[in-house]
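Let's start with one chain on its own, the form predicted on its own, as structure tokens.
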């Protein structure tokens, strides 16, 4: 209960600050964000788009960790946790894609441009969509868990490449791409003002707590479903 209250308060404060604080050319007060050249008001998406992308990575890595645990211990609960984390990773990956597409519409004039960043996250969606297709196609519980665990490990190995490497070694429209005149972009190089950094890291913390709460809830639900399903 305490965690849920803390999470609710923190998320509310982040949303209010991220969307409500004014963004001006020359801030005079602590509650004013400086305008980032080239982004202006569109920079507010940073407080939501980056955390969702971060959580997708965190979730996919968590899925890999529990996949490894299942292969070592053959505990069905590890498989359920791995699948639950992968499901949340897919959810946050979709949210990162949607928020990124909204930003692209206002900044580049189109929701989708096949920018390397957009292409890489699309490939991740396909990879983890195939993960759940695999789980649905295998009926034998132990075989499904084993194959899923191996797949989660292989899939997670590709995540750093598609999220951190590919978008930076290829020329693209996204901030931080090769040839970007601003280098790695305002977020990666932390070119944000102190008050923006406070809101940004508060958002990262809030979204991380949200992921942990959602994972805990999903695992408990999966365990109940597992123990109440007919055996035979």
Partner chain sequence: MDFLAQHQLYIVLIIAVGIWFGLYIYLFRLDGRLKKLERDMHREQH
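Numbering follows the first chain given and starts at 1. The shown structure was predicted, so the numbers you read here are calculated from the model rather than taken from an experiment.
This next part talks about the form predicted together with the partner chain, which is not shown.
- At a distance of at most 4.5 angstroms from the partner chain in the predicted bound form, all three residues 8, 44 and 224 contribute at least one non-hydrogen atom.
- The shortest heavy atom separation between residue 12 and the partner chain in the predicted bound form is within 4.5 Å.
- At a distance threshold of 4.5 angstroms between non-hydrogen atoms, residue 210 is in contact with the partner chain in the predicted bound form.
- Heavy atoms of residue 24 never reach within 4.5 Å of the partner chain in the predicted bound form, leaving it off the interface.
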